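Only one chain is given next, in structure tokens, and it is the form predicted on its own.
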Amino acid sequence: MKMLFFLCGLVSVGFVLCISIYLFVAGIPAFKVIGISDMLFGKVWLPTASTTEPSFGILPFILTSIWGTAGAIMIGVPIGLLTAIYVAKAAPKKVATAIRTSVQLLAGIPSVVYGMIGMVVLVPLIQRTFDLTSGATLMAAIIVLAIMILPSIINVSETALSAVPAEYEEASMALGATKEETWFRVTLPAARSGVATAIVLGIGRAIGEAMAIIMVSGNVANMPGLFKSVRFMTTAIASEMSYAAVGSLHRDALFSIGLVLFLFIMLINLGLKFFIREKKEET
């Protein structure tokens, strides 16, 4: 059994290495031809231009992905974390069961359904509320992403909070702390690693989503603005890979976008792990 478990772990690591190597091999050629600075800091994306020289600037995609993910996290993390605390510590048993069931159902909804509901309900609402020509904007994408990351944050955070030994809370309340003070100043710090994992999963879901975002963001290669139609890195790959010719610079540039996305997620994971390690050393 030990050998079986070892082989399963080895296969998982092997898949990650193969994906990483393939992304680097497929993504580097476009950087060599276009230039790293021209591609990363270019503001114009016209890979199929015929009357002018094609442009492969992906800065709008990078900034849009950053702002969209940050906005979703700013909305989703507080709501998800507070919900997890309520379900794990304060809610009556029947209410907690109902919320868990609802969250599980929310997690099982396909992303295209989120996008369809956002396109039919949210986009027109934003258009009417802010008197815009189109409601397919970065704001719509942020709201949809915030809703989509809630199940991951709530489920993982609740599990981490429930795993904190009861002795911690009993000792805190024995010293005169209220239940609320204990939850936020004892239980939550003790479950820090699990909560960080929940945030990482939420970030991964937000930055890796494509289908729902195509339907509500407008899918236009603009510099990011809250009420502007935008295009994320994932949507750029999903919307153009089907017609990018094999072996063309356009297709290589799309793989380069995937490489940038991969590195971006890796940096976020490393940053959160470093933050958790620093906090553990302080305590």
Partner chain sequence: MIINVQKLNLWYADNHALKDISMDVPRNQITALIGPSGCGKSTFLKTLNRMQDLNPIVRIEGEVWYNGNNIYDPKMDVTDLRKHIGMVFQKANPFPMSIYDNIAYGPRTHGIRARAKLDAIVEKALKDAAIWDEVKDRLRKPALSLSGGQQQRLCIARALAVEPDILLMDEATSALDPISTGRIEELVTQLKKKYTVIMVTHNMQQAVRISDQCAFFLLGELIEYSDTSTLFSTPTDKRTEDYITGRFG
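Residue numbers count along the first chain shown, from 1. Computed from a prediction, not measured in an experiment: that's the story for all the values here.
Not on display, but discussed next: the form predicted in complex with the partner chain.
For the candidate set Ser172, Gln127, Ser193, Thr159, a heavy atom within 4.5 Å of the partner chain in the predicted bound form is found for exactly one residue, namely Ser172. Residue in contact with the partner chain in the predicted bound form (any heavy atom within 4.5 Å), chosen from Val200, Ala177, Ala96, Ile75: Ala177. Between 137-145, 185-193, 118-126, 151-159, the stretch whose residues reach within 4.5 angstroms of the partner chain in the predicted bound form through a non-hydrogen atom is 185-193.
Although the partner is absent here, Glu167 is a contact residue: one of its heavy atoms lies within 4.5 angstroms of the partner chain in the predicted bound form.
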